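Presented below, as structure tokens, is a lone chain in the form predicted alone.
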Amino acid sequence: MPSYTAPVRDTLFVLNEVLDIQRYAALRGYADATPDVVQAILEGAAKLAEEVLQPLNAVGDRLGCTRHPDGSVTTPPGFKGGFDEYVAGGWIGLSMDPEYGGQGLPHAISAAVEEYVISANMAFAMYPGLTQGAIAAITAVASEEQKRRFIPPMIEGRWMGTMNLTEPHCGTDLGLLRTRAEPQADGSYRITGTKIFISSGDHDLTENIIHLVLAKLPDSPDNVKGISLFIVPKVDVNEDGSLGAANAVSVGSIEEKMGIHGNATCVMNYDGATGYLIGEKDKGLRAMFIMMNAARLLVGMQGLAISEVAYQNALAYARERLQGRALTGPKNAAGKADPIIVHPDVRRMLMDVKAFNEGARALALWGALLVDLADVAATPEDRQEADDLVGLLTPVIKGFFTERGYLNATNAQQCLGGHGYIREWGLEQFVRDARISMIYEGTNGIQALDLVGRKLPMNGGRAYKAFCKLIVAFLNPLAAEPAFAEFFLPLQKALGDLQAATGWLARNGIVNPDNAGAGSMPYLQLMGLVSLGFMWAKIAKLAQEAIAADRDPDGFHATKLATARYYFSHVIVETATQRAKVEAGAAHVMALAAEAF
């Protein structure tokens, strides 16, 4: 059976040393995030993940959710009890606004907790994760009365939230959606339509579910400029916050999926359901993107989290499985074979995953810190830069993390050989669960197009220039340090590849937009490799300093240094290939006529 141990020490290293979050102690939320408090929170989250949620993961995968004849849905055995413990710990409101019942701690802390919960049980984690996204959207665009009616019960865990975008004929191109909203005399709307692929669409975990639904009004343009956003409760909510009558919302079916069986992914039917407009009429897509951007960062964390739990189980197997002899001679002289961790190809797969996990954890938590700083940094300039960087990095974290996360899960499965293909070991579930992260919340191809087509040129390339400036400012003081050359030179070259590819796209994407489209995915991979390289360079510098100061009694920093060396010698070198793919352009991609395929 698979197991999971939350990487608390590594998370603390990132928060306390790599990001040095204590330097933000004067900012709102960070004053309460003292080292002792942060450690206690992470240890509490680890205990919940390891002891409560992880044992439910295989149960949820095996039994899934059930739709009953009356249309109601129940989650797998144990999920309700696990959710009750999750709620009792106050985990939903960890970084939410205290004005509505949240604890007001930094998003950087709640993001770390999210990793543990997802690694333990990805399907379970989606329930509160979507609720937090719904809260973010309501907080940003709803009226004060709506905020006070809907947000506190969601933070308390009595209600949950979802987002409803996709329709049977309409995925990414939301201008095609058909769901309609008819105005009523009392100011409400009647919502009619069908939505598909709705994660957490119905369940037995809470007494109510707050659906955020995109729909068009009769007098709105029949395109993306005519979409509005509505709150549509499963059970209507009275003005005093009490529950009213059941709404005209029903589950048509539960989708039969490749993975995440423990989450109720539903076809939702709205048959004249009562809904309430939030935000401005015809501005719903902008409002929903607030939730989607939060969800995309969360999905990026799924890529890391599945990679981590898959790595842990592959590593445990590789240490114990005896097969063959080391090429350099027996290492287990008392036995007939050596553990497979002695074999270079097994090491290669494990090192690829380890180097990704630890670099991605630093990048993910930096991204979460930037989310905080975009709101609470001391100066408008700092807030603007943080917001710019979040916008630039969101498609990278979502797309790069989930591409690598899925690859890492399959490599971890490969380490187990035939046992990796057998259900009881758990690796095949990790592979199946990881696959969806590359698809939902905007496929990775859409993330790449967003990065190249929107985020790079936005505001004259301001975010991209800020990103490069940060790396250059870090590297310049280290140029003359011989001991850092093994990290300095590869990162400098990788940054050069990124800058060259960016320049090529700027020149050739305008001449032929297909050049930008064809190069968008390798460009996303290229930026991901450089971003992780930036994190690994920071980690390597800290490790060198700790070792030089004799502050590494257990070899933690020495291990970091060795892993950094692997990243810079074996992984970041891929930037040259990705640059070459970008600069190859669209000619050969688009050469065949459609009928020639």
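Start at 1 with the first residue shown and count on from there. Just so it is clear, the structure is predicted and the values come from calculations on it, not from any experiment.
Although not depicted, the form predicted in complex with a further copy of the same chain is the subject of the following passage.
- For the candidate set 143, 332, 512, 184, a heavy atom within 4.5 Å of a further copy of the same chain in the predicted bound form is found for exactly one residue, namely 512.
- None of 283, 158, 169, 80 but one reaches within 4.5 angstroms of a further copy of the same chain in the predicted bound form through a heavy atom, and that residue is 169.
- For the three marked residues, 259, 423 and 574, a heavy atom of each sits within 4.5 Å of a further copy of the same chain in the predicted bound form.
- Here the chain stands by itself, but in the predicted bound form one stretch of 346-354, 284-292, 466-474, 83-91, 346-354, has heavy atoms within 4.5 Å of a further copy of the same chain.
- Contact check for residue 431: a heavy atom falls within 4.5 Å of a further copy of the same chain in the predicted bound form.
- Interface residue remark: residue 547 is not counted as part of the site for a further copy of the same chain in the predicted bound form, having no heavy atom within 4.5 Å.
- Put simply, residue 255 is close to a further copy of the same chain in the predicted bound form: some heavy atom of it is within 4.5 Å.
- Using a 4.5 angstroms threshold between heavy atoms, residue 570 counts as touching a further copy of the same chain in the predicted bound form.
- Residues 514, 517, 518, 520, 521, 522 are the ones in 514-543 with at least one heavy atom within 4.5 Å of a further copy of the same chain in the predicted bound form, listed in sequence order.
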